[in-house]
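This document opens with one chain alone, in structure tokens, the form predicted on its own.
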């Protein structure tokens, strides 16, 4: 894995191996390459502790943690705040709302991880991480990236939908159409040669619009 000392000048992209790092979190010190062994990971950043939109988002992740657990997925948050700020915020939200952030939150006070993952975007802010979400599979490959600005909260339903779509696609060798959700038909990969195209045209087991667009039930 690429370390912070050897980080690229470009942001991590889909298909890249997630850059490695060591960090202090609310659950103790971690080395990312050893975190969530054999599991998916959702790495997400928020601009700052004790802020309203971030509180709603972090609460959303916490309240739906069991759904991420069901997808064999670990959550790990990040902001450019100290560990003391993180701990105080976790305690404050728990006291005020009953919601407990039971997942590690990285204290990225030196901004190393934020810079490594392209979470600092100068035209938005040079001192606060944007709302980034990295979907990382068990091989530590980045599979999907979402970026939101400071003033717009994320959609938790979409994060969970996208995570499920990635996993179902991997398990079944299919693709997902617009607005796919569990129970919907999936897209069969298009033929790669003339023989496969001929076979597809004679295939009555799927819903065929044409040889290149076929759907089926799982």
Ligand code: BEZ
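Positions refer to the first chain, counted from 1. It should be emphasised that the depicted structure is a prediction, and the values quoted were computed from it without experimental measurement.
What follows is about the form predicted in complex with the ligand, which we do not show.
Of the heavy atoms in residue 188, none are within 4.5 Å of the ligand in the model of the complex. Residue 52 belongs to the set of residues with a heavy atom inside 4.5 Å of the ligand in the model of the complex.
Under a 4.5 angstroms non-hydrogen atom cutoff, the ligand in the model of the complex lacks residue 86 among its neighbouring residues. Contact between residue 131 and the ligand in the model of the complex is found at the 4.5 Å heavy atom cutoff. Contact annotation: of the candidates 156, 150, 166, 30, the single residue with a non-hydrogen atom within 4.5 angstroms of the ligand in the model of the complex is 150. Residues with any non-hydrogen atom within 4.5 angstroms of the ligand in the model of the complex fall in just one of 188-196, 167-175, 52-60, 37-45: 52-60.
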